[in-house]
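The form predicted alone is given below as one chain in structure tokens.
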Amino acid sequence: MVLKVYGPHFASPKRALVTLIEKGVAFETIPVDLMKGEHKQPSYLALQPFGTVPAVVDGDYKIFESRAVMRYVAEKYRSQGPDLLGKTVEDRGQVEQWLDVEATTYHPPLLNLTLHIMFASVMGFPSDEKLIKESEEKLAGVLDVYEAHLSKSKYLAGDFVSLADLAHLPFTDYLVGPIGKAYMIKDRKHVSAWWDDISSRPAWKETVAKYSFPA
């Protein structure tokens, strides 16, 4: 039975999708209309009790949270495609470290920018200009640390592309696109080179081409 990914058109599920494509794993996608509240229906809550996307079903196995899905796919299919977890325990430690940085330090201010610039009007709440300014300042500080790190390392975990890099793709794509703050990436030489590298990977291009945000 082919693996199923729920909610493919939104940003977080794209972490799972790009990992599956990198690893050459067959899957199918099932749309979830958040605007119609499909993520709060009992049938979906049986898969993801918190009512967010993605949810993944692999035969009799269910898993949610995009970064957990990435780890599961990379581990289960480790023998095929690029090794996204590293070859040594030290490599794995760096991958996990930077996955945590993305989740706890990079993502929160970027999520604020996403919600208050892209989705406030759609979701029916006023855009908070003060929060936007504070979030941009926080993200700028994070990116300054990335700039220093990437001046000494081609990718976040070392000289190999890993889950840590791929986890940044969906929301950074918003940052340089519809959020309208590409300068935050482009004005930092090493961050910009890293972004150009990871965002040009065929797996990400395929993800964007097939699962663009619904109009």
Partner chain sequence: MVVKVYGQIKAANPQRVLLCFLEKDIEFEVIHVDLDKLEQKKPQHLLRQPFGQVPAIEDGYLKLFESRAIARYYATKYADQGTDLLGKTLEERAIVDQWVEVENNYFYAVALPLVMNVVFKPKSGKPCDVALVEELKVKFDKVLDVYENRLATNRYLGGDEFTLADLSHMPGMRYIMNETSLSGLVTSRENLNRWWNEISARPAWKKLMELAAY
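Positions refer to the first chain, counted from 1. A quick note: this is a predicted structure, and the numbers were derived from the prediction, not measured.
Absent from the display: the form predicted in complex with its partner chain. The rest refers to it.
Practice item. Indicate whether residue 116 is a 4.5 Å heavy atom neighbour of its partner chain in the predicted bound form. Key: Answer no; every heavy atom of residue 116 is more than 4.5 Å from its partner chain in the predicted bound form.
Point to revise | Partner proximity in the predicted bound form: residue 128 to its partner chain, non-hydrogen atom cutoff 4.5 Å | key: Contact check for residue 128: no, nothing within 4.5 Å of its partner chain in the predicted bound form.
Review point. Is the gap between residue 145 and its partner chain in the predicted bound form 4.5 Å or less for some heavy atom pair?
Key: Residue 145: contacts its partner chain in the predicted bound form.
Review point. For residue 62, is any heavy atom within 4.5 Å of its partner chain in the predicted bound form, or not?
Key: Flag for residue 62 set to yes.
**Study point:** Location of its partner chain contact in the predicted bound form, chosen stretch of 185-193, 42-50, 24-32, 170-178 [non-hydrogen atom, 4.5 Å]
**Key:** Residues of 42-50 come within 4.5 Å of the partner.
Check your understanding: Taking 154, 197 and 206 together, does each of them reach its partner chain in the predicted bound form with some heavy atom inside 4.5 Å?
Key -> Judged in the predicted bound form, none of 154, 197 and 206 sits within 4.5 Å of its partner chain.
Review point. What residues in 54-77 sit within 4.5 Å of its partner chain in the predicted bound form, counting heavy atoms only?
Key: Heavy-atom contacts within 4.5 Å come from 61, 62, 63, 64, 65, 67, 68, 71, 72, 75, 76.
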